[in-house]
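Take a look at this one chain, the form predicted alone, written out in structure tokens.
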Amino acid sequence: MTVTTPETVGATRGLPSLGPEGTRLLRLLDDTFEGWGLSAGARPMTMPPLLPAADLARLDYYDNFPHQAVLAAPLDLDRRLTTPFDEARGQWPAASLEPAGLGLPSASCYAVYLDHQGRQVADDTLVTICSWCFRKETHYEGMRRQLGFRMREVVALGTREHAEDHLAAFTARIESFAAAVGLTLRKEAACDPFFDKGGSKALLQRLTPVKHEFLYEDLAIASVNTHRNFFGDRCAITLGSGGPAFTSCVAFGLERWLSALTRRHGGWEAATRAVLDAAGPVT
């Protein structure tokens, strides 16, 4: 019998599958990261897999991340008859589709900011979610780089101090947990263009990075991100004390953790045992 692995099934399309062992480890990891959020006081929420493209455009998503953007469009029931499915290319021609009014987000946290738009939040609000995310890539590689993947996030909305403290606390947790499961991580500053490239905030971002990634070898498996009051402004999320909310988020690419752990420990059983052993002492 030929045994296929998640690293090969659907890998070239960015859509690998997971068997029972991988599914168990993914759930174990997600339960662990969600537990960190819950213990910090985060409200668990479930967000939709699609978001209005107009809302994402209002957040500059298609200006800042056009290379990652994936859109969803229904079939045009009339034009599909004159421009049918292209079997040779395995795709529907653009002419057979209605305008794309929905976007598939590349990160979980966008839905949180849109869900809170126009609302007043407590100074120390925390939310945790796990959502499917989608990114167009130049190439796909097993669980390391996918078209569709799951991202657990813990999102802070509130005062500047709350947003900053959130990242500091979770940075310590990530580093402690990684050491406990035998992953040597490298923390590096990265750059997500949340701000107008010509504005004063963009200059501030270059001076003070808004994103740090935790890399295992060459693979970023987690990140801590501060957006200052960008999403508070754009989504009109306000504080009881006045002014827009500050936001920050901690993100875990679940499949990337699977890849790192199995590469480090050599297989599902050893990787799962490492996580189970680490789950107790890490707080």
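Model, not experiment: these values are computed from the prediction. Numbering starts at 1 and follows the sequence shown.
Below: the form predicted in complex with another copy of the chain, not depicted.
For the three marked residues, Met151, Leu254 and Leu276, no heavy atom of any sits within 4.5 Å of another copy of the chain in the predicted bound form. For the residues Leu185, Ala169, Leu97, Ala180, the 4.5 Å heavy atom test against another copy of the chain in the predicted bound form is passed only by Leu97. Note on the partner interface in the predicted bound form: the residue among Leu215, Met47, Leu239, Ala40 having a heavy atom within 4.5 angstroms of another copy of the chain is Met47. In the predicted bound form, another copy of the chain sits within 4.5 Å of a heavy atom of Gly101.
Using a 4.5 angstroms threshold between heavy atoms, Gly243 stays clear of another copy of the chain in the predicted bound form. Though the partner is left out of this view, Ala270 does not reach within 4.5 Å of another copy of the chain in the predicted bound form, counting heavy atoms only. Interface residue remark: Tyr110 is not counted as part of the site for another copy of the chain in the predicted bound form, having no heavy atom within 4.5 Å.
Scanning 133 to 152 for heavy atoms within 4.5 Å of another copy of the chain in the predicted bound form gives Phe134, Lys136, Leu147, Gly148, Arg150 in sequence order.
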